[in-house]
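What follows is one chain in structure tokens, specifically the form predicted on its own.
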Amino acid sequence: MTRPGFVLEVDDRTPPLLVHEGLGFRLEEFPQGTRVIYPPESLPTVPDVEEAIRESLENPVDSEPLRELMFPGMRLTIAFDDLSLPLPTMKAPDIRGRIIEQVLTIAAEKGVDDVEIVAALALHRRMTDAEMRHIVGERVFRSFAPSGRLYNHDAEDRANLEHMGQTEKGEDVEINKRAATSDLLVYVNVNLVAMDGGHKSVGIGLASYKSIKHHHNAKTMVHSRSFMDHKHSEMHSSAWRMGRLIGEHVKVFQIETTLDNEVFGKPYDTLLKREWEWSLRDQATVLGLRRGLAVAPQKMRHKMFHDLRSNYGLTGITAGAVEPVHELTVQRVHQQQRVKVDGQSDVMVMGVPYLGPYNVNSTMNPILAACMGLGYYFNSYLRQPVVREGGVAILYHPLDEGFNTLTHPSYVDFYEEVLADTNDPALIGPKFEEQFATDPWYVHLYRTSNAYHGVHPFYMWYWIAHALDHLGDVIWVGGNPKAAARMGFRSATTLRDALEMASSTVGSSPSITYLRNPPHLLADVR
């Protein structure tokens, strides 16, 4: 039996608890009475992955079997989630590559020759050949990449974008032209968290800035409550309207997968265990890791963590029509990550680890750290946030990794120029977004190098709009004071100091909740 997630109340017997902070972690002593939310342990995985894939393609939900949708002379496009999922990167073979191979086998058997494979980047950076090869596998890469039939989606290639119309809300729907003009579009997804998948896959992953800007803005984000609940997220409502319009023009066969909670392999798997259950060997491992990280140069620590590969196992796969497939997917994600929590607290504590969706093989700059903590972790709830309105978020991250100018060039100017002017998401967009989105140099780097689109840092800041609107204060433990101040936040040396600073907002005896992740959890706050 898989043990469910639960809420621990800290007492005098509770050992120090592990808190991630960038390229490291600490063992923190929390005040007695602190609630600690632990995610469920991993669900049982699919015993035969290849058979599970085959079964999903042969018996899809609300759709004919994939084989029956194919015919000689058709245009088939296969799109897949990029390297922003899952986190960390899966050990080979990646589940997307295994699915794509079976789709290609069926296509070959049905005499389909016109096949192209597209990485659904949206406005993310282009993947390198090595990153692409890891996801799709060596055989697919060798068969399709040299001929140009395996490639990154380019949201700035005007000749290869198709405007499909507008939704009833006036939202432009513009996606990859090859996908839009195919007889069949197969999308291969990894649903790491409840936010992923559904109409978000094609409607955002293969879209242009003209389309994406309708839902990636401060107004939409502040009314997305939460990102992990698509039925109460304005961003998802927009994506669903767009996806339904896309479905009127092109047949989409959606393939969604869910994973367990095996985030780290050995020896880092100890970090996933509940602290009071650590064996003497586990304790020695944690002590050794801490000592090693304390003396290692930052470049070495970066390599140690970013070379990690996850042990994720497949908990389910469903294929067919987009919406019914996604409903089943979300059920499995909830089963793996959902934890019932009674009521809100005055203070929410989060450790921000080294990795998020937008710094794979790169650095976690201060803007990305804010997005990970106040965008993703803050929004990891159903019904209502873990922290009350006007409460305080305390986050752990050094905010010291700086900016990678290869992958995040526009972030540097956003940090130095935009945040120096204002940190209000509602003001930033109208004043600066268009300039960054259309800057010729940023567009050039996005299209030809490995840089995120010029507008991307704006989206990261919009992601935290709901948190900024909801919270009374944000404090970073161990955070670089200059970086914290530039973003409009405060920094503290210790948790004790942070709670003292927070007392002006929540009093001297606040209720505290600590989200103990990774692995991933979803707080169902009632």
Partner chain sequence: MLALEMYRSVAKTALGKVAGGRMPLLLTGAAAPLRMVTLEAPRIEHDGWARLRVSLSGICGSDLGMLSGRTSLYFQPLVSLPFVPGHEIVGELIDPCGDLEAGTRVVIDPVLTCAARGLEACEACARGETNRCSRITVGDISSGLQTGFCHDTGGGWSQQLSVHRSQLHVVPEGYSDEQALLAEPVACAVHTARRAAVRPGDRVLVSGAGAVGLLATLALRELTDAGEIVVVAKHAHQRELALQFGATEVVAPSETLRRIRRATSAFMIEPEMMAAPYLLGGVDVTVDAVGSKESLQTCLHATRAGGRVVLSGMPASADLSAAWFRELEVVGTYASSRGSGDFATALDLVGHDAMCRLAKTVAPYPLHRWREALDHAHSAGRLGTVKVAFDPRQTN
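In this text the structure is predicted, and so the values were computed from the model without any measurement. Residue numbers count along the first chain shown, from 1.
Below, we turn to the form predicted together with the partner chain, even though it does not appear here.
> Residue-level contact is defined here as any heavy atom of the residue lying within 4.5 Å of the partner chain in the predicted complex; does W441 satisfy this criterion?
Looking in the predicted complex, residue contacts with the partner chain include W441, since a heavy atom lies within 4.5 Å.
> If you check in the predicted complex, is F436 within 4.5 Å of the partner chain, heavy atoms only?
Within the cut-off, so yes.
> May I ask you to check whether E138 falls inside a 4.5 Å heavy atom distance of the partner chain in the predicted complex?
No, no contact at 4.5 Å.
> Heavy atom to heavy atom, is E416 within 4.5 Å of the partner chain in the predicted complex?
E416: yes, in contact with the partner chain in the predicted complex.
> Would you mind picking the one in A296, M304, V412, L245 that has a heavy atom within 4.5 Å of the partner chain in the predicted complex?
Filtering the options by heavy-atom distance leaves V412.
> Quick check for you: of 147-155, 223-231, 336-344, 428-436, which stretch puts a non-hydrogen atom within 4.5 Å of the partner chain in the predicted complex?
Of the stretches listed, the one contacting the partner is 428-436.
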